[in-house]
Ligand code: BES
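Read the single chain below, which is given as structure tokens and is the form predicted on its own.
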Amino acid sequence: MEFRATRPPTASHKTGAFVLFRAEQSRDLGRLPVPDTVLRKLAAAAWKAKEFTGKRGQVVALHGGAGGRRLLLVGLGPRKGVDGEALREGAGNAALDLDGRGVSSATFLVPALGDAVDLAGACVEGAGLALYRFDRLKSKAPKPALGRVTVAPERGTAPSVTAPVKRAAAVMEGVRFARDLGNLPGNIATPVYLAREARTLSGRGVSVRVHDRAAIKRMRMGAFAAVAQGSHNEPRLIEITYRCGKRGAETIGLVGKGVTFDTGGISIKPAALMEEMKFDMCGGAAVLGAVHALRALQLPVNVHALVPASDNMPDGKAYRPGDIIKARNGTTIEVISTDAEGRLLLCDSLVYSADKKPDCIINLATLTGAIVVALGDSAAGLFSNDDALLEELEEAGRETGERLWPMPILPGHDEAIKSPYSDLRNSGGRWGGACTAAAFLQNFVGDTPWAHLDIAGTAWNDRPRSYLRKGATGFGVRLLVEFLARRA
């Protein structure tokens, strides 16, 4: 999809449809900033007849404009509740409606309800996220009708929206990259495939280094190697350096879990819905998607990113419950469940990341079903050893609509992962599972400010929801870019 920015349109503006956003109890429907007299009158009549009320989620299509142009009236809900997320949802609803009607181009008018710059980006995100399709593996797939979206301020006094539209479009490409990786099946998106896709990001401040199985062992990553030993698909540790910040500027460490397919290993999962375990690499996909966006935006920051990628399979060589393995920092770990494999990939990667002396580390992982029980699909769990970092991430989540909810690591959670046979055990049992998993990871970051995002409930949808279709959501890409932009 192509996104453009322009000034407030005139009567000669060429488009298949105008999209106008209004909150409830708006008072200007009789003098709308639409450069089409007929459409303006139709909109006023729809408002007067209460066919359009501005209710959140409402979309009313009007026909009869010059050259067959349409007008979509999109409701944003109560005026006090209008924010970027409301506009994202409205833009997604409008894009799906227009695409279903076969409209090829549309002009979205940014309402004068707040920061026009922020709302312009939300328009692009809503439309781009809603119209994403993963159909590259179908023999026949219809092409989307809506191919071009122009974003313009309603009134001439509003600031230019060119910069936020360009930025949001670049971020959308990063999200698309992450969603494509997440939606690919495990027989295609193997660790080797992920590494190959990561290499395409090289250049423009990005360097990529890929470590194979032998290198992982040489790096003393015994936990990572143990998970990988049961799969014929070769593991890969993907290491990416992005340097566009000033020399001596802070470096942000990113780590994304990349389990390309998770059977549970010897502690095998139930058959029902196991096909969804192709999404167990969505943390890694989010990190790669964020780098994709950073490369395009050339944000002046420094990032060291890691994606430990492996299958988790029940082969004759697979690691077993009861095994004791050693992590890169020398910590010994009793394996209680081979289905608690993600934290074993992450722990070695966190130690390696901390060895690079970053100013902070953020890891993303579809780590526990327990976080889904706690938060559902409305927010990801946020754990941190640093209150300032936690607040920064929480604010970035509010801004992007990728919400995070702070969760605790309490002394009881640390106690639950102690083992009589080794330093730690990789599972603290059923109760407080998301918290005990976070407590486990905290042992591998030392004194580095660190945040763990458990995205198991938000990384993919099992049904269409709001402006996101079924499948991988790309959760974390927009959040990370927003966080890094603020740090820049």
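Numbering starts at 1 and follows the sequence shown. From a predicted model like this one, the values you see are computed outputs, not experimental measurements.
Although not depicted, the form predicted in complex with the ligand is the subject of the following passage.
In summary, among the residues P185, G369, G412, P406, the only one with a non-hydrogen atom within 4.5 Å of the ligand in the model of the complex is G369. The contact with the ligand in the model of the complex, taken as any heavy atom within 4.5 Å, belongs to R343 out of K278, R343, R179, R236. Shown alone here, D97 lies farther than 4.5 Å from the ligand in the model of the complex, counting heavy atoms only. Interface residue remark: A451 is not counted as part of the site for the ligand in the model of the complex, having no heavy atom within 4.5 Å. Although the partner is absent here, D339 lies within 4.5 Å of the ligand in the model of the complex, judged by heavy atoms. At the 4.5 Å threshold, heavy atoms of D262 reach the ligand in the model of the complex. No residue of the trio Y242, K357 and S384 has any heavy atom within 4.5 Å of the ligand in the model of the complex.
Here the chain stands by itself, but in the model of the complex one stretch of 65 to 73, 416 to 424, 452 to 460, 35 to 43, 452 to 460, has heavy atoms within 4.5 Å of the ligand.
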